[in-house]
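As structure tokens, one chain now follows by itself in the form predicted alone.
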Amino acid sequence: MSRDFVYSGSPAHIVFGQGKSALAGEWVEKLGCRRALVLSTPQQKADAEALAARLGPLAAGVFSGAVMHTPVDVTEKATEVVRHTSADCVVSLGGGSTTGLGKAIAFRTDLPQIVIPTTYAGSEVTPILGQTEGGRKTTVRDASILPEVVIYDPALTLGLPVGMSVTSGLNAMAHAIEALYAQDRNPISTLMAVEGLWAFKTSLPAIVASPGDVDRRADALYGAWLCGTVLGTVGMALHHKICHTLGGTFDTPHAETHAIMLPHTAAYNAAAVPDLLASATAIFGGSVGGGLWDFAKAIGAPMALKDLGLSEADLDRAAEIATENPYWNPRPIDRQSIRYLLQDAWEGRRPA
């Protein structure tokens, strides 16, 4: 067996453990910074303000305007606040929307980032920025986008609603599934992807049954770190292209879109590379697409694109956009095949 590969480890500092978010101020100082702008969504504004209060004189202020899909106009507003407050770093508290805003600011200003995730998105450990402008979502990969410090505190996820926990976890799992068949995969990324999938396979059902189980919350955060890290080291393929199309053009919710599409894109690619997805098949049982669909349904995930407000008439346009400038994919894609795939996902049909 050939062992030729290239592996580049992430330089990010990972701080993991219950209560570790209390160390945010120390990490601001370790980065050589003195004025941290705290970022959040409007829904987490109170939490961001409380964090700023704990930072005391290290806090430059709060910007609570982060929204889904990282619109460029919101980033521009936040960047203006950075200039106005003379902030020398950002602290992103929340899920993928807030993390995305912090990354977008860093890409434009090269400011250091500290991320304190409260969901299982995993984007906090990738050098990838997805941003939306003019109805299109595009991605950028650059070293400046990778946050310098990520603080994983399971206690902060205890209040994450079960539904959001499920979709957020499935979103992270999609990163791992794509890593298994990525063109630039390597032995380390594959090990991390499989371990991340196992972490979610065991933790998500337990969280559904007992949302206050902090140990299982920690397992899910561990899975998020693993799955996000592999996405940061390998390329994206069909799954992410379709989800970026649906989110950027039709404004479907990010995590829910990933959750619904994952079984269908996995099944599509398993037809071409069943050997590369064999480890995932072993974890979820049956065919990988069917196994993932069964797992998602059992934990109460959304199953159909039509339930996200997408109309059947939108599917033709989505298939067209998703195949215009396709990402590399292990199985060739064409508009008709993707249209069929989207129809199954729209109806919520179990992949064959």
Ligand code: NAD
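Residue numbers here begin at 1 and follow the sequence given. These figures come from a predicted structure and were not determined experimentally.
The same protein also has a form predicted together with this ligand, omitted here; what follows describes it.
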In the predicted complex, which of the listed residues (237, 128, 277, 207) lies with a heavy atom within 4.5 Å of this ligand? 128
Since exactly one of 160, 197, 261, 270 fits, which has a heavy atom within 4.5 Å of this ligand in the predicted complex? 160
All three of 97, 164 and 254 touching this ligand in the predicted complex at 4.5 Å, heavy atom to heavy atom? yes
Counting only non-hydrogen atoms, which stretch in 35-43, 297-305, 311-319, 280-288 is within 4.5 Å of this ligand in the predicted complex? 35-43
Closest heavy atom of residue 137 to this ligand in the predicted complex, within 4.5 Å or not? yes
Please check if residue 150 has a heavy atom lying within 4.5 Å of any heavy atom of this ligand in the predicted complex. no
Although this ligand is absent from this view, report whether residue 31 comes within 4.5 Å of it in the predicted complex, heavy atoms only. no
Are any of the heavy atoms in residue 58 no more than 4.5 Å from a heavy atom of this ligand in the predicted complex? no
